[in-house]
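Below you'll find only one chain, the form predicted on its own, shown as structure tokens.
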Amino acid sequence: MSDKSDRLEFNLHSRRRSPIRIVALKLTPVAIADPPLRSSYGLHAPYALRTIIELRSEDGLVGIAEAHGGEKALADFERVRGVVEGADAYALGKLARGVDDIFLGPRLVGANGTVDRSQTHYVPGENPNDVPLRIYAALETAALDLIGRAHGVPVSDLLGGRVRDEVPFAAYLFYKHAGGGGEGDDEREDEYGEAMTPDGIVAQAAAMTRRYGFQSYKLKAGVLPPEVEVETILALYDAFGPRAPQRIDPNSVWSHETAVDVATRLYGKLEYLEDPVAGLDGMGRLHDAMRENGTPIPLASNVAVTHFGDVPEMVRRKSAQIILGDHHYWGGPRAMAQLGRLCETFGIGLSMHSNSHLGISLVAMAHVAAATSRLTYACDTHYPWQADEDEVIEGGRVPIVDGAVRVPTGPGLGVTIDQDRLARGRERYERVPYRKRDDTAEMRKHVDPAWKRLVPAW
């Protein structure tokens, strides 16, 4: 072996044994245009808020992540600066304990006496009980990116190695008012148009399919009377056929009777029914009723089931047969890998939940999904609703081809922040008035001044 080869082997070996010391935590808030999409929580504001996280090591490498945004998120990340700066990127267990210790305090307790981490009464990202998990998840993602860059390997390899090179995603369909997002001089083109009828949703799905090649479809429901939402699924089924899986998600605002009726009418047309009613007990009772009626549609959840502590009761009550995990909320990429193994143990299906996001989150989802053998359903993504001018990674938007994202093979996450794009996102954040997600306020401002979210609403 040549002297050069000897030196290379020694340097790599030494690097594996040496800490990767984090010397700086950089937080950048950004605003991204968001169309007026509807859900049971209300109406999306003209901008969604994200936080871009950068961890710089003492040798100049940078690991990145993307998380929920707004003033509260920034303040929460600032609280952990002291346990991040100076930490070893490898020491993830110590980092997790440090984050949790900072946020120890009173937790909201549910009716069963456990900490309530559900999203039943909170828009995702606003439940105060899951703050430590969300903060740590972003830091772990950036730390894994940093480790991957140090060793020249993808994050998926750090999670055990990929079992797939492409990750399938579903078209995420929303009832939608006219408008493309943004405000004033920054108002965006309305690519998909208004969609407040079954025909409008079919047109939206067709447009997304032409552009991205999606092969399965998810309808965000809980917005219009259930009979209209049933008609929408039937119209999608007629338009795309039985080989295109359909899902519907009313975010817990149907009554037990309504959910049973919908299941009866859509039996044989749905791949799964997501969070139709509130709570693990409600979902369990619905499971039993559907079996008794001979319409056993699989139930999925990312509202009632958001944490490992929910899984024992979910299994006992048969509240869900599919979990929509999310590395942003479950505690990071490694937690999602553990969730995959748990789902395999209990025969539970697995997919991924999504919020409005940029490409850093999308490729992180792809790495996690690539290393999770149990992933049994196409993942959710809001990415088609976001515009290239808001993207912060070099090269612009991550391609979605034939309904799938090809997992990057470069070191770490395989994408790099474009600092000019990031600066524009920050300038946009400073310019707009929005500092937290508040779908209720937008509904009252634009649709109904007296609107209030009801559980159940129908």
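A residue's number is simply how far along the shown sequence it sits, counting from 1. Only a predicted model underlies this, so the values are computations on that prediction, with no experimental measurement involved.
Form predicted in complex with a small molecule: not shown, discussed below.
- Checking D380, E229, D76, E271 for any heavy atom within 4.5 Å of the small molecule in the predicted bound form turns up a single hit: D380.
- Contact with the small molecule in the predicted bound form, defined as a heavy atom within 4.5 Å, holds for exactly one of S118, Q246, N251, Q321, namely N251.
- Using a 4.5 Å heavy atom cutoff, H44, K220 and N355 all lie near the small molecule in the predicted bound form.
- Between 172-180, 133-141, 80-88, 336-344, the stretch whose residues reach within 4.5 angstroms of the small molecule in the predicted bound form through a non-hydrogen atom is 172-180.
- The shortest heavy atom separation between N302 and the small molecule in the predicted bound form is within 4.5 Å.
- Of the heavy atoms in S39, some are within 4.5 Å of the small molecule in the predicted bound form.
- The shortest heavy atom separation between P124 and the small molecule in the predicted bound form is within 4.5 Å.
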